[in-house]
Ligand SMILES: NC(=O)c1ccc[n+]([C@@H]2O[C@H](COP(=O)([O-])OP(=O)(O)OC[C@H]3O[C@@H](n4cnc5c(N)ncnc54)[C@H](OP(=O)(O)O)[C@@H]3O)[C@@H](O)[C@H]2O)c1
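Here's a solo chain for you in structure tokens, the form predicted alone.
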Amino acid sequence: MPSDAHPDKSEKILILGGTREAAELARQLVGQGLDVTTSLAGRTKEPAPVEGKLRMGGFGGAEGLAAYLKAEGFTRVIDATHPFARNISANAVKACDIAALPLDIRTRAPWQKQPGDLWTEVASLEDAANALPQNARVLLALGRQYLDAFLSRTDCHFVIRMVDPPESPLAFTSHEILAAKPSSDPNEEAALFRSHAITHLVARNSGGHGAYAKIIAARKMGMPVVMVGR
């Protein structure tokens, strides 16, 4: 990357974004006078504003991304996507190889289990669903595209938090929708847990600071967390 002191103004950078870190990186690079475009998958109807140019939607696989990079004259790609966005990250590697462009990967470090954390660490969403006890009241903090694995747990009640409400009814036997972003305040997350009588939290080990408040809240409350690893 160009240094803060001497940025290469001829660079044209595509950031594969969707994270707070990506938005902060775009702000920094635009502040250096660089030509920056941030690409978002388009799953959120009203994404937070980002500095520089914005592109929404998919590319049509690695070949489509490579064609876009060549057509638009990009000189560098930065993958600052969510750690679980495996498809776009894999496509970025292939596309940059095809287009002969450098790829800078900025992946968050995962959270580390701390004293007081009551984690059941699992390898998949299916394992997470199986790890829940009967009659659990569960906060699913996963994103709407990761819910199907829990449909079979008709013996649990799910509070499903998502940024945008679903466009069609969900097929859960017992659930409620919480259309909201996660709070960055552990006390607010704890209050939510209490108000919905949550007994278990299911989360992916995303890392970063933005979504960590719920993990802190669960730790302070002695609440079990089913943590889906990478």
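Don't overthink the numbering: it's just position in the shown sequence, from 1. Every value quoted in this text rests on a predicted model; they were computed, and no experiment measured them.
Keep in mind that the form predicted together with the named molecule is not shown, yet the notes after this line are about it.
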Give a yes/no on whether residue 59 approaches the named molecule to within 4.5 Å in the model of the complex, heavy atoms considered. yes
Determine whether any heavy atom of residue 204 comes within 4.5 Å of a heavy atom of the named molecule in the model of the complex, and answer yes or no. yes
At the 4.5 Å heavy atom threshold, is residue 146 in contact with the named molecule in the model of the complex? yes
With the cut-off set at 4.5 Å between non-hydrogen atoms, does residue 170 touch the named molecule in the model of the complex? no
Consider the chain as shown here, without its partner, and state which of 88, 131, 118, 101 has a heavy atom within 4.5 Å of the named molecule in the model of the complex. 88
Taking the named molecule in the model of the complex as the reference, which of 177, 190, 40, 50 has a non-hydrogen atom within 4.5 Å? 40
Given 132 to 140, 75 to 83, 110 to 118, 154 to 162, the stretch touching the named molecule in the model of the complex at heavy atoms within 4.5 Å is 75 to 83
If you apply a 4.5 angstroms heavy atom cut-off, which residues in 12 to 31 are near the named molecule in the model of the complex? 16, 17, 18, 19
